[in-house]
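Just the one chain here, laid out as structure tokens, in the form predicted alone.
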Amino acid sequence: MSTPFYVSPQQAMADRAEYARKGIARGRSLVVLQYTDGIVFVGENPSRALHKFSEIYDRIGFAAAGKYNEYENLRIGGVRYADLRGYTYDRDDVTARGLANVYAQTLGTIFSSSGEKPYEVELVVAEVGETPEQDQMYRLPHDGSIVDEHGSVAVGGNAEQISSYLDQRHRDGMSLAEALQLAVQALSRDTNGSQREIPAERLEVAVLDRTRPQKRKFKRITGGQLSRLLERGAAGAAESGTGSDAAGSDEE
């Protein structure tokens, strides 16, 4: 009778983490940025049916990179949790922190279970507050840990390089057009340092807009509105590059 092959727990966890990271790296990156009136989600997504960004509840948005079927299951579970908690208690009791904790427990349990493979997903849960200081963004890697982010966050295949680019250029008080332009510039940078063009029809963009009069702050930006914002952002960047101080004056 042969002796079973032994793998130490540390090596098993390292192998599972490497497996999940490689799966996530095969997907396209996405970024989430704060701007003056809320939070914007930007990602390259040629599919019009499979969304990377979704609404979870009144002020809460969800972004995911990795395997679609896996993060879609998590999104549906989050919507059910939010609806049940809001109905049982109060709508104000549904928070991004509470939802991030639920996702962390789910991802952590799956990651540590030897009976199934780890999820190849990385999530961002964001909540827009009454003021920019009250905005919340949480990044959840494949192992179920929670990272409290501020200003900007990137997940997906080229997240480290994109995060470094955003950290150097993102600032408080950006308009939506400026934040969108910065996000597209970050996403269009290749690993070798070159830059490619991402057309508007390949972008998926959504916002949590604190100025909306409705309870639900999530809104998708498509078509002509997206094209106009990209044009304004490009014009503002060009003016800023020539020394003009009018780059931030294009906000509605």
Partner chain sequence: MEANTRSTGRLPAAFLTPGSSSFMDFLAEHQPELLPGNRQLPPVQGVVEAPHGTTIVAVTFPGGVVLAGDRRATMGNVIAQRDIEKVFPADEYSAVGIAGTAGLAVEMVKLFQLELEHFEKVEGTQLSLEGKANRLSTMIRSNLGMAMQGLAVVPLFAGYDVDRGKGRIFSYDVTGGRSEEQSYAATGSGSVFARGAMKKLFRDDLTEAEATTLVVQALYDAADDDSATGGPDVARRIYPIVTVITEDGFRRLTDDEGAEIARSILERRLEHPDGPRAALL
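Numbering follows the first chain given and starts at 1. Just so it is clear, the structure is predicted and the values come from calculations on it, not from any experiment.
Just so it is clear, the following notes concern the form predicted together with the partner chain, a form of the same protein that is not shown.
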| field | Candidate from Ser145, Gln134, Ser164, Thr109 lying within 4.5 Å of the partner chain in the model of the complex - any heavy atom | value | Thr109
| Would Ser194 count as a contact of the partner chain in the model of the complex, using a 4.5 angstroms cut-off between non-hydrogen atoms? | no
| task | Considering only heavy atoms, tell me if Arg216 and the partner chain come within 4.5 Å of each other in the model of the complex. | result | yes
| query | Looking at the partner-bound form in the model of the complex, is Asp92 within 4.5 Å of the partner chain by any heavy atom? | reply | no
| message | Is it the case that Val102, even though its partner is missing from this view, gets within 4.5 Å of the partner chain in the model of the complex, heavy atoms only? | response | yes
| note | Assert contact_stretch over 94 to 102, 122 to 130, 155 to 163, 168 to 176 against the partner chain in the model of the complex, heavy atom within 4.5 Å, equals 94 to 102
| Are there residues in 39 to 70 with a heavy atom within 4.5 Å of the partner chain in the model of the complex, and which are they, in order? | Glu55, Ile56, Tyr57, Asp58
